[in-house]
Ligand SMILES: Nc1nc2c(ncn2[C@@H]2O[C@H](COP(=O)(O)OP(=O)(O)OP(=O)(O)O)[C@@H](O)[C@H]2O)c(=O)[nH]1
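Here we start with a single chain on its own, the form predicted on its own, put down as structure tokens.
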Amino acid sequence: MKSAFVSIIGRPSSGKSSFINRVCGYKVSIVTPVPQTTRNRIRGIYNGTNVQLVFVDTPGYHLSEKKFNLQMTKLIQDSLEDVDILLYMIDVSRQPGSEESSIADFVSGFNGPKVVVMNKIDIKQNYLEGHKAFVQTRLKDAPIFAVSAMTGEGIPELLNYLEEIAPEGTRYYDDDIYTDQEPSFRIAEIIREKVILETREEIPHSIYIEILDMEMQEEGKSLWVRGIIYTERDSQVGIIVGHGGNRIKKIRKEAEKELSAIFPYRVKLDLRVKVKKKWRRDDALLKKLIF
């Protein structure tokens, strides 16, 4: 029996969350077209015949001096401390940028096995060869795998390799567990995803979700949840609520539909929108939200 913790690091929108969802066979991380959707360390669990790989999804590495981004960068650094294998994921649809050099420094300093994953090879116009040349210069001994998290191409070969290099050990989780997220966290993340998808470029990073109450009802057949969508400016409340409340209603319905498919009971949401100005500068709140 083998087992390993595998951390994934890469630029925003490199496809880390889509990769984990594909490998685990379930939705573990929320996915949107907006960069830096992932804010926390998300664990997705892959169970093979004689192996368990615990993948740790991290926020996209982004060079910025803002408190919000600095907190997420620290989270990425901390995620490397207790893992066995490091995956460096690269989006080959984009040219190598300055952030790649910083990430390569992170990766080269890791003491365990390092694996480079070239993602999005399903996109025909890509910079795969340029990225390979960059990696071979900076990380000469790291094996390179070309994959598509969208189609699954190349992922079986990558998993076989990870199984080979994983150390011997016991399972950390039962076979039927694919993530260790608390229900309140999963609910908050799905709500946040739906808000981002409905508002797109208008307010993607200006929101956070707080779950206030959860109550099981109808003898365990449904879960009632009361949550707050916090945003930074008064004008953003109207964007989320929409004309006559149509947008918040759609957000609620879409979130309820997906959550009811995830959990073994129906989920009913009671959502409100409130303003908390400059919350991304609040150190105490950031430590609570980004972990």
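On a predicted model such as this, the values are computed, not experimentally measured, just so you know. Don't overthink the numbering: it's just position in the shown sequence, from 1.
Quick note: we don't show the form predicted together with the named molecule, though the next part is all about it.
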{"item": "The named molecule in the predicted complex: contacting segment from 117-125, 99-107, 209-217, 133-141, heavy atom within 4.5 Å", "value": "117-125"}
{"item": "Non-hydrogen atom contact Ser148 with the named molecule in the predicted complex at 4.5 angstroms", "value": "yes"}
{"item": "4.5 angstroms heavy atom contact with the named molecule in the predicted complex for Val31", "value": "yes"}
{"item": "Non-hydrogen atom contact Gly44 with the named molecule in the predicted complex at 4.5 angstroms", "value": "no"}
{"item": "Gly227 within 4.5 Å of the named molecule in the predicted complex, heavy atoms", "value": "no"}
{"item": "Interface residues of 225-249 toward the named molecule, as seen in the predicted complex [heavy atoms, 4.5 Å]", "value": "none"}
